[in-house]
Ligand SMILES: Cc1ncc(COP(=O)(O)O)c(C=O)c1O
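Here's a solo chain for you in structure tokens, the form predicted on its own.
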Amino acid sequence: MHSFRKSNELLEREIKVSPLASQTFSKSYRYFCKGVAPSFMDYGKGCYIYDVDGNKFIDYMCALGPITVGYNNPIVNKAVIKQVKKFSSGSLQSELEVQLAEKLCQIIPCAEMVRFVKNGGDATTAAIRLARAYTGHDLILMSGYHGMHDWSIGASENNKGVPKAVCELTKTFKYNDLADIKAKLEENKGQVAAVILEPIQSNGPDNGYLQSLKELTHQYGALLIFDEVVSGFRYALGGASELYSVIPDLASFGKGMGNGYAISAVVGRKDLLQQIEEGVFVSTTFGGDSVPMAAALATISILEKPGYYKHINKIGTMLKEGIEELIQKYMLQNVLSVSGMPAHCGIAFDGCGNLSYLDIQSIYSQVMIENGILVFAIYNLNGSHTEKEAKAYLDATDKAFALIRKAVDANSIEGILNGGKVDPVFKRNIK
């Protein structure tokens, strides 16, 4: 049985001084069963993390995606330490900036020029600004999540604090639905600056969808932007653009590029990026931070070795197929389903009877933690996960599903949950 004494003490301290006791919504204690889950990490190694109480977990969150080759990777560490001894941010650029920009132009199909920033939202926002400047139009059509900036979050239900006028400049469209995007392009003809989407959502794009989307977008005088903050470096070195042979006008990358170090980039056509020299303002103090660039170059050197993506896909397929078999085993098709591609896949929870989807998810979360697995609904993989860790994940999932079956049969979670319920800040599909 795990003890979370120090984690819980630190949590109570931070709640008093920092909203949600976390700087990222999805790392907040509210995404776990409070009191019986870790809140603070001490260190990581490979695909394992150790919390401040000394508990060890196999990590299937991977820092929400950025850890691609594993915690404390010696190749990445060596590159980072070498640069730390020189400087991180300085009064002039590092030569690493040139090397990394050249590398991205080499491996990302649409990249003719690169602008570095810090977060995924910075990169998508830079892409939107470039598109608006180039087209002279203001309206954005989007599908997926693109960060916290006003233009994006204003189109969601979580838009408190965003001016109404800004909210009206972005509209959403349905993924894999060409009729829907065509109707919205026609309805807003002559006003759309860009169509932006996460190119890989759920089980991926339908055959020919991305190419047809590109053709439609250009037909209506708009630019196509791929938000590859999640998909970049996870499915293929060049992201979805490489995987599906569709080249957008602009793309944003982040997360997995630096194996946990804060770096992102907007990349794309030269004529679009060169607008930054002509009055389009995309500039940050820490955009040229050389330490994350050293980490990124080292990370990419590992990702480009033969076999990395084959390995990730193999482990992911083992997990996805295993989850599907366990859902069948416990006859939980009415409350659990699986979606996603093998390298980034997860479980969707539905309510049943008196049980909400959060009741079901809380049981799952509690059992996974009890069995040494740190995961949300969706799992992420890094290069150090092996079949051994995958088996441990599926063994824990088996136990979790057995308890979910028990709760569904009893139509109650009484006597099953030991801590608080999962209580995300932004709730979806409540039943």
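Only a predicted model underlies this, so the values are computations on that prediction, with no experimental measurement involved. The first residue of the shown sequence is 1; numbering continues from there.
Not pictured, yet referred to below: the form predicted in complex with the named molecule.
The closest non-hydrogen atom of residue 265 lies beyond 4.5 Å of the named molecule in the model of the complex. Within this chain, residue 225 is remote from the site of the named molecule in the model of the complex, having no heavy atom within 4.5 Å. Residue 255 belongs to the set of residues with a heavy atom inside 4.5 Å of the named molecule in the model of the complex.
Within 4.5 Å of any heavy atom of the named molecule in the model of the complex lies no heavy atom of residue 241.
Figure note: of the listed segments 307 to 315, 286 to 294, 144 to 152, 71 to 79, the one touching the named molecule in the model of the complex, with heavy atoms no more than 4.5 Å away, is 144 to 152. Shown here without its partner, the chain carries 121, 198 and 229, all of which come within 4.5 Å of the named molecule in the model of the complex through at least one heavy atom.
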